[in-house]
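Only one chain is shown below, in structure tokens, and it's the form predicted alone.
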Amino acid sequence: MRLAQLPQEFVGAQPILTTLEGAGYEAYFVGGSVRDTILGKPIHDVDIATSAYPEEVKALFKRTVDTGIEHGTVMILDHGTGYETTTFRTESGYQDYRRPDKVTFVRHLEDDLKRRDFTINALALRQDGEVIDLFDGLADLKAGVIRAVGDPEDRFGEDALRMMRAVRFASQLNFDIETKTLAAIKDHAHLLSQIAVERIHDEFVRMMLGTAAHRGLSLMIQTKLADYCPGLVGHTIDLSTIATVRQLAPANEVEVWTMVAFHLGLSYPDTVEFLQAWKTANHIIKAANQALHLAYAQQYHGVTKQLLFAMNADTIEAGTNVARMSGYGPDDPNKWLNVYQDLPIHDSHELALTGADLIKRAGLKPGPEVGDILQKVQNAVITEKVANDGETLIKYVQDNLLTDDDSSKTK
């Protein structure tokens, strides 16, 4: 197969391949960028594989960075762009089920490609557009199949994270996992416990953001990979309810975790603990918990302006989307966002009354009562019982919120 036209990202990197080939070495575009180009999808990182050893690569280019020199990877800097260029290699001795104990540089492309995870990722591309396919990856791309290169038992025994990559690709590409590859995932699912949570986290989020997230999640349940993820063991039924949502399409990581917590029925403190176990970033945890409040409100007790005031536009959108995907949200996806945007104030600092005003003009003594009254005034403004005007708010306090004893202080 020969591609008639290469994406601009490859065209920009062609001088790298030209230099390597001019020095007598082989050089190819490899990896996901080749797969996605054939599928007509946009590409991001351009990876290059070459028969040149790292020191030979560095001798050919003026500006390089040793980004992974022990594994043969050198970053070549060309006109402000960096291209990761890796020497053909073989790997052996995966005692931690993730990283090879030994890396050996080799001169032959086939030796390099046969160590890769799946046939659809074991494609190489010459700069003239010719695709090198040694493991029938093109046929699997056409058939929509994810198949391990060689023996799947070996591939997952080498790197257990590849099992999560398989279900992630099933979600992103809406592909099936080939029978033997799927059976090997079931047999090796327990090895996922050997993988760092941070890496599982990244694959899970990317899977949930795929175009067929329900497929990926169903495969995690079917293979029991879910049982080796933080906080998911024993929640097969809850996860299955998510997997049945055919319109499952979270837009970002906040929506991913809000959806999971919502269907697991987690409390707000439990959600924090759950997401911390997943090594989730603190700002994502905070946003997901806010969105969860809104999702639960739509399911159970209704949405109030006070709840919306405590949120922001992004978390309101996330909470609304999760509820709607789950069958509880409003028909209008912008309903709660519009209510939020129409609030008289969106931050407590916008309130036209301060504690100092209450002490000076309403005669209150410093203490908890000042904060209590400010909260009541804020709620009155949010619900539009009173206008957010300083004089109006002082009068509202005097007429409605002061006790007889308090009122005597102002006379």
Ligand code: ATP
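As the structure is a prediction and not an experimental result, all values here were calculated from the model. Start at 1 and count along the sequence shown; that's the residue number.
A second form of this protein, the form predicted in complex with the named molecule, is not displayed here; the remarks below concern that form.
Of the candidate stretches 296 to 304, 226 to 234, 103 to 111, 167 to 175, only 167 to 175 contains residues with a heavy atom within 4.5 Å of the named molecule in the model of the complex. 45 is the sole member of 342, 372, 45, 70 with a non-hydrogen atom within 4.5 Å of the named molecule in the model of the complex. Only one of 263, 214, 324, 116 comes within 4.5 Å of the named molecule in the model of the complex through a heavy atom, and that residue is 116. Using a 4.5 angstroms threshold between heavy atoms, residue 350 stays clear of the named molecule in the model of the complex. Not displayed here, the named molecule is kept clear of residue 289 by more than 4.5 Å at the level of heavy atoms in the model of the complex. Although the partner is absent here, residue 35 lies within 4.5 Å of the named molecule in the model of the complex, judged by heavy atoms. Using a 4.5 Å cutoff between non-hydrogen atoms, residue 54 does not count as a contact of the named molecule in the model of the complex. For the stretch 192 to 231, the set of residues having any non-hydrogen atom within 4.5 angstroms of the named molecule in the model of the complex comprises only 206.
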